[in-house]
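So this one's two forms of a single chain, laid out as structure tokens and tagged structure 1 and structure 2.
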Structure 1
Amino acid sequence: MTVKPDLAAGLALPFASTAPWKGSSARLEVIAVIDETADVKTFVFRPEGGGWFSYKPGQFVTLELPVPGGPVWRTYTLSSTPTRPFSASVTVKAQAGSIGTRWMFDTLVPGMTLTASGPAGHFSHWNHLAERYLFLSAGSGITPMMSMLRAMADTAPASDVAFLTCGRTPGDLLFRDELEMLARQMPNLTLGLMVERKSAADRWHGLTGRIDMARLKFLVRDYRQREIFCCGPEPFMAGVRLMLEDAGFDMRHYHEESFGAPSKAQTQPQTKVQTQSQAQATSAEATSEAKTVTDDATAGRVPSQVQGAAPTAAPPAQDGTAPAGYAGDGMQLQFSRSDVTTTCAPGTTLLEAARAAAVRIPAACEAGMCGTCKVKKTAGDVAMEHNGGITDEEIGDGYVLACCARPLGPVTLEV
């Protein structure tokens, strides 16, 4: 007997009668919008027509937002937990000048639907099982931490986890009430709340200032024995990285995520002067948003853990010589479904070439992480250096990320 879902009645659907949501251009329905703070909202979704979500805590989804002037794609970390699979949520902060997130704030209401893809991403404690964890976050970087902590509370409430989150003021601390409730329910949860400033009206009795080693040791004396996850504005994470490195922490047990390309701090030596300067900008979350075309970067996070570049072919020549297949008139690109053929100079990404030819390829992070610009390559070779937005299996099936793939000769894309 087939059980007909009664969505209107809000009934929980039995797993046996529904399938997990697969976000390849699938639709999500908004079922709730929750005001978290003055500039942060949580949007709760369910699969259109029924179903449930299967993902790892800390993963993200990419939403297609139909803003005036044409759709944009924004990637948001899920703040919900997969242990409550019949809905999923993103917690979003609208930055000044944002387009996509502002549209969500002003337009998105229960009953509306969006096209989405995902979930995806590697930033999850399920990928790094340990006896003890330390979650460090600032601002809306708390969202993947909440997903992981909520999963622990549901499945392993005795987990040994230290949860330290920072905000500008007490009123900016996200999920404060829930965190304090979980701290009472989870016997091994150490909760640390820290704000940059307070007023007399705040009645704040927690820590004030910015994270440093003295405060970290005060809150989490055994931090060296913990698997550390960090998320927040890039200056915040840069400061945490340097602080831990200076303390001799084994960075193999440190994981972070951010929006945009991997920071220079991950690949270049950094001085204390640089970090201090960056730390002064911690409160300016917009600093971390300027790295990508997404205007809503802090609303959601994409893992920036560099899993190792995965070039699918040899990189373009760096000495000025033309690579094989380049005859001087440019690399020939054919977009088969669009019936468009064009050329581009060596070093141009497939995404840049597509835009120049007025061929639309959806893209979000444009740093090889979120996977939104994944396209099928049916002929030719490319050099691609991604940051985890595509799997080896997908590469084997002929897919590439247009934002970070550069043609090495004539290429045909199924777009």
Structure 2
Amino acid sequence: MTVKPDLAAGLALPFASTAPWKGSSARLEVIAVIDETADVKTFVFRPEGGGWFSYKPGQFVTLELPVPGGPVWRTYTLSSTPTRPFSASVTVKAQAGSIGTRWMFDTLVPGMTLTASGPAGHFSHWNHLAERYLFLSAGSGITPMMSMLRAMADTAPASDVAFLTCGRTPGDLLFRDELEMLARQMPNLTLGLMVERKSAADRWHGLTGRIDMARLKFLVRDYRQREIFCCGPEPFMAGVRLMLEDAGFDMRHYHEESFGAPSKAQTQPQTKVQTQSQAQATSAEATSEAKTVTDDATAGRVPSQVQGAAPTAAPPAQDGTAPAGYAGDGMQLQFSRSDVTTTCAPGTTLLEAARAAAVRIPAACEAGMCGTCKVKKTAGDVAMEHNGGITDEEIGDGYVLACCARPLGPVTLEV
């Protein structure tokens, strides 16, 4: 593909003569693809035909990806900062079985355009201004934190931020060089990089292991005085929540990008169609492929005493309400034909919960694609992020794919 002259020349139309990108009407044009780690890339966009981006750091966009067989919609947090408005970027990880992200990896090159909507979401420090911040992230949960930190570096470099991020190995830590550079430029930035294990290929002098209270206190003594933002796989966030609650932290100052089990108040059962209506989306709805990735990428790194245990209180949803049906012990699930009732932690898929309860649901791809695990739901609400394995008609008839549906409250399945 030949690069367009204006792309090659680095032309951007003057700020004053152009309008901000409107997600619903203007397409995005890829202007760069950057390799971050072995399986993570950053895709940089500009509005097609000129323009600039207006958003809050930490917000996300929804991309329509024209994969063979019909478009899929994927939601990605912007890793870029609105203080550099002429481009915006998403940083995504491709996992095995990925459709949309894999397509981006294989297909997107500069010059191509995508339909996108957004930006949207409430997960931004601009909504919770404070004197001191603590950013806690794992895996690609770092992207909204990076957006916020870059904005601070550009607009308020004296901001007091403790930035803790976790990766599996040193090579998996995203934006490591940039973070170290920002630490030199921002006098009040405390950087805490943590890996689950060292690797032979990369030098490592930082902390190893998983985040726990001892390590948190060691890195950030005054964490209690900070506005905390947390993003990562659900087990990671559940661990952080439990740790903070045990320590008596005032959870009104805790905010998370919760992907696994958004509260009912924030999220209707999510289908491909509903994903399109991004206007109503909240950050909690951003159950994205990239974020699903973080589940895999960091699973097992949560302290063992926390992992798998249901939190003792409702997950602190951003509007402060607890999900319906969440009663301390987890979500109640009823398998009517099997005459089995069980509970599961928020974020658990129906299939995982069924297996734990020894209820048999046939399954194959476990990626929302083949539809083998289709079951009839006779009561309750779920959040579902499928990959085309179920029709809207079937959803309308009450069917769900057990592998990619997570209960939002008590749920009854006809199995």
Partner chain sequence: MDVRNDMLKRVKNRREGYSLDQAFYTDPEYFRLDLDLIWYRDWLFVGHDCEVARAGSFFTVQVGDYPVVILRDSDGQIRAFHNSCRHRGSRVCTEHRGSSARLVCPYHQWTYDLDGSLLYARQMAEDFDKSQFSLKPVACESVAGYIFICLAEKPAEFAPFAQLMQPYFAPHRLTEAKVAFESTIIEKGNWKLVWENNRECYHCAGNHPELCKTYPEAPTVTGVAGGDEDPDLTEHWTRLEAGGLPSRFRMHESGQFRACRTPLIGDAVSYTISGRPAVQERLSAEVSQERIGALLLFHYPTTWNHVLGDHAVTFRVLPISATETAVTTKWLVNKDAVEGVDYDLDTLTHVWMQTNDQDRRIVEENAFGIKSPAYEPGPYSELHEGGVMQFVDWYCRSVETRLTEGGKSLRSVA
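Since the model is a prediction, treat every value here as computed from it, not as a measurement. Here, residue number means position along structure 1's sequence, counting from 1. By rigid core we mean the largest C-alpha set that fits within 1.5 Å across both forms.
Where the criterion is the form predicted together with its partner chain, structure 2 meets it and its counterpart does not.
With a cut-off of 2 Å and the rigid core superposed, E366 has a Cα displacement that reaches or exceeds the cut-off between the two structures.
Core-superposed comparison between the two structures: the Cα of A353 travels 2 Å or more. Superposed on the core, the two forms differ at M384: its CA moves 2 Å or more between the two structures. Superposed on the rigid core, the forms differ at D339: its CA is offset by 41.6 Å between the two structures.
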